[in-house]
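One chain is shown next in structure tokens, namely the form predicted alone.
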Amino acid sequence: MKKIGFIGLGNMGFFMSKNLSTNNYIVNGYDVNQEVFVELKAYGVNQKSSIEEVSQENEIIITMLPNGKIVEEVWTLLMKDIKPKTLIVDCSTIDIETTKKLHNLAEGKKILSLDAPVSGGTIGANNGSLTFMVGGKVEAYKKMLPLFEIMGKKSILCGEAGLGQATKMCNNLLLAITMSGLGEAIKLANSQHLDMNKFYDVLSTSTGSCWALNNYSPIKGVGPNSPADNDFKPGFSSQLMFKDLTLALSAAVDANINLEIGKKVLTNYEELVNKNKGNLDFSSIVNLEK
């Protein structure tokens, strides 16, 4: 039975590690918040007290962490004691520059590596229906594929190191823009006193159909159950969407391209964060008053 290390057991990592453990993998977990193991131990996830412990005797190590600075710190610690041919997979969403730097560091130590950010939020993590956008070598991807198939419904090797992160930035840029546009359509619909259930039935089957409405409706009591039905508790927080949009706009500057709509949507999410609403689900952007 393969031994899997998992570092970062927050909203996403909790469910991802649980799904691996309940599918006959030995999962050795670490998080700065050791209280997560009160629940995780019931699913068979082993509690480790340090990153150094996780670096030993695991064939594959997965990281799911808040930002690039923390990922770099964790990977640097891991690589002090890790065995050659171990595979490290980062499922966080971080900047491409740091991602490529860590891939190069791993290659220099003969360690396999992948960047594999995810889409699907905590609902997808819990249900094992995430989509993984993967960057790295085919050998590493094939080794990780059985785990991707447990934690998600789809994984795509997008290309070389860093291209998983690049794909995730494009995905979340479009998602943020779509949700913001949907918010404007909802405001117009409300101004015309439309029945929201009928509004949903029409748009979800017409040219306005989109994932943001069909699968994650930000209208309370309309469409599938979503954060809107739970006071916009995330889900995927507005603060994280703001972070991801910042990464996307930074990449656009580096590429010397102009993303006018993206800039406007970034400003809207920045306003949510500044209003101390960054802890709400990203779909709460539809309620931003202008």
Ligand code: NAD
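These figures come from a predicted structure and were not determined experimentally. Quick note: we count residues from 1 along the sequence shown, nothing fancier.
Unshown form predicted in complex with the ligand; subsequent notes refer to it.
Heavy atoms of G183 never reach within 4.5 Å of the ligand in the model of the complex, leaving it off the interface.
In the model of the complex, the ligand sits beyond 4.5 Å of every heavy atom of G44.
The ligand is not shown here, and in the model of the complex it never comes within 4.5 Å of any heavy atom of S217. Contact check for K48: every heavy atom lies farther than 4.5 Å from the ligand in the model of the complex. L65 is the sole member of A251, L65, V222, A228 with a non-hydrogen atom within 4.5 Å of the ligand in the model of the complex. Contact with the ligand in the model of the complex, judged as any non-hydrogen atom within 4.5 angstroms, is confined among 118-126, 199-207, 151-159, 95-103 to 118-126. Interface residues of 229-243, taken as those with a heavy atom within 4.5 Å of the ligand in the model of the complex (partner not displayed): G235, F236, L240, K243, in sequence order.
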